[in-house]
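Just the one chain here, laid out as structure tokens, in the form predicted alone.
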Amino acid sequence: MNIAVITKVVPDTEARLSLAGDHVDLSSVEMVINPFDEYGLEEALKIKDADENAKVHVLMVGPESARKLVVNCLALGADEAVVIDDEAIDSGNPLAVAEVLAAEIKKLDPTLVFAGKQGVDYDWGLTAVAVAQKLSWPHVGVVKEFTPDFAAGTFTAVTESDEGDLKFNGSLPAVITAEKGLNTPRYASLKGIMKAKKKPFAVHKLADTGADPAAAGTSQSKVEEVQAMHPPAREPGRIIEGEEVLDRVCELVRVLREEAKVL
């Protein structure tokens, strides 16, 4: 049984971002595996722990320079990894990335695909959903509980909504996007780190995937990053003066009604 895990490299959530002209400068920012993807990886590894015949494949559309981060996924217990690094891929377009990942996933013929519910860089959460659509597979997002039944070819997933928990039943294969709380990601052991050095790690180009170059390139991009900018500086607070508390309250009410117009 094959299980695919979609991962992405993102800036560390504690990093301070700066601008270079109209775009974010990531040259000096520490990059990490998207934290939500770690929950997807852990869920795949739990299945592997219970079934010695299961193989976990880590997939990423990103730079080859992310090798060290992807190898850490192998150290955690994944069996092999593929990074698709090609300037011809419009990596800023979730639909283009999904086109490439779906083509790579088809070759693996997995029973399950896991990913994080969203990337912490743009917070879009579109890629895995688009992968499911391109594969014509069921998808459940923001999953906090997951129970597969491989013998029956089905699964149960629980998500959280404003109205309470929602429980879904579906058929395999399927794409599941993980929420924080689905599990607790493990740490790599020394033994795992040593084993990772010998596990298969491939760097593919767009042509290797079999994806449609037009759909994966910029020619049909639905999204274009125009400009990045800092939010406007907050105006300083205003202190309401007055000798008596009642005078200050009355003045505050007047300001809120006549100037701020929130009353």
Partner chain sequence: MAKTLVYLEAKGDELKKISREMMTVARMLGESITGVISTGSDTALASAGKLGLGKLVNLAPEDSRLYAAEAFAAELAKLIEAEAPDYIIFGQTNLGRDLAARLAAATGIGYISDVTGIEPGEPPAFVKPLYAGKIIGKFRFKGEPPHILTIRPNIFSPAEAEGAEVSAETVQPDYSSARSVLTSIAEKAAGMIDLREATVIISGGRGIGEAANFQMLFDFADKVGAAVGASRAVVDEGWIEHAHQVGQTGKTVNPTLYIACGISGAIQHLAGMQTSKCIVAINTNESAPIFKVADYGIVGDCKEIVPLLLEEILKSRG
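Residue numbers count along the first chain shown, from 1. Predicted model, so just to flag it, every value in this text is computed and none were measured.
Keep in mind that the form predicted in complex with the partner chain is not shown, yet the notes after this line are about it.
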property	result
Sole residue of L108, A188, L126, V71 within 4.5 Å of the partner chain in the predicted bound form, by heavy atom	L126
A151, P200 and V203 each touching the partner chain in the predicted bound form (heavy atom, 4.5 Å)	no
4.5 Å heavy atom contact, E225 to the partner chain in the predicted bound form	yes
Touches the partner chain in the predicted bound form: T147 (any heavy atom, 4.5 Å)	no
4.5 Å heavy atom contact, L26 and the partner chain in the predicted bound form	yes
4.5 angstroms heavy atom contact with the partner chain in the predicted bound form for M1	no
Partner-proximal stretch of 100-108, 189-197, 74-82, 158-166 relative to the partner chain in the predicted bound form, 4.5 angstroms, heavy atom	158-166
In the predicted bound form, residues of 177-194 near the partner chain [heavy atom within 4.5 Å]	E179, K180
